[in-house]
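A single chain comes next, written as structure tokens; it is the form predicted alone.
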């Protein structure tokens, strides 16, 4: 078996050979292994690109052409109005532009074994509520300001607190941690907040009242909506809002499969390689949901371009395009005069190595038959010129 694999070591890449070794079924016969190796080698040969092939142009065309046929904008999850998911062309643009503020950030939270399969739907809903962010305004019935001494009184909804397993002690701790400069008194069903500052005005008290409404008392910050969903044999929790770093800290969460549609969060928490894979997965998911067919290698090239610098950059004039070494390539994208003037001011040189620059100056492009250049040795002249 090892001999058959070693025969292909010089024909296939070491990564492919390692993958074959790791994924081979036990007790595979030599005949079957030979067929497997031949099939892999055949696939590998057809996947290779000829030297001088303009892969960027082909990828742009292959993604752009089906992209014009995308129509679906957003859809709702199981009748929940708050659970919008961006799909179709708007989502593709969101990914490729490298936007940090998403229209509809969301997460798919996978749970560990006993929670994912064995739990009843009610218990799962309770777990989902523990993840959902609860703000002070969600468990309060009334916020009042006393004009006499500018104290703020917060009255609570006891039933909601019981449902979320919140005590006055926990609420008091959350407010104390997130609000400085105030004395807080517990009145059993309400809290009274009084500023330590002697010069407080009604306006200051009003600003504080609005600020404390947003104080997080329970759950993961940024998760505004939760929805338990059964997918095949297990339950997962889909969320509106995203906070990958904090969700992965939770004991019940399967950190290996939980994901978010915010690629910048993935880059910060899991690194640039994970962000690259997330770009591929997200674009492929959109294209597949539209019933379109784009080869994954085109998407991989786009993801590589966005991540090659070690940080995630969108395909915009401030991202990938700004790093191009060619002045004319930068000028061909957007704001041409700005790029040409800036290059002229510092005396930048363009060696016309790529396709777009040569198209602009009406020269043969360095692809296909235009890639090799022929040098002819000039014959020496006989005798010296007088």
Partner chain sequence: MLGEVIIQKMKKIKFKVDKHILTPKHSKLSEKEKAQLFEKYHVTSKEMPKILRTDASLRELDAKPGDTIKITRKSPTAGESLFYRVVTDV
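This is a predicted model, so every value here is computed, not measured. Positions refer to the first chain, counted from 1.
The discussion below concerns the form predicted together with the partner chain, not included here.
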For this session: Tell me, please, which stretch of 124-132, 306-314, 182-190, 219-227 lies within 4.5 angstroms of the partner chain in the predicted bound form when heavy atoms are compared?
Result: 306-314
Problem set entry | All of 62, 69 and 91 with a heavy atom within 4.5 Å of the partner chain in the predicted bound form | no
Problem set entry | The unique member of 270, 85, 168, 215 whose heavy atoms fall within 4.5 Å of the partner chain in the predicted bound form | 270
Problem set entry | in the predicted bound form, the residue from 259, 151, 290, 104 that sits within 4.5 Å of the partner chain by heavy atoms | 259
Problem set entry | residue 21, heavy atom within 4.5 angstroms of the partner chain in the predicted bound form | no
Exercise. So in the predicted bound form, does residue 237 come within 4.5 Å of the partner chain, heavy atom to heavy atom?
Worked result: no
Exercise. Contact between residue 249 and the partner chain in the predicted bound form at 4.5 Å, heavy atoms?
Worked result: yes
Problem set entry | residue 278: touches the partner chain in the predicted bound form, heavy atom cutoff 4.5 angstroms | yes
Problem set entry | Change in CA distance between residue 296 and residue 14 in the predicted bound form, which is 3 Å or more, as closer or farther | closer
Seminar exercise, completed: Shown form as baseline, in the predicted bound form, CA residue 17-residue 271 shift of 3 Å or more puts them farther
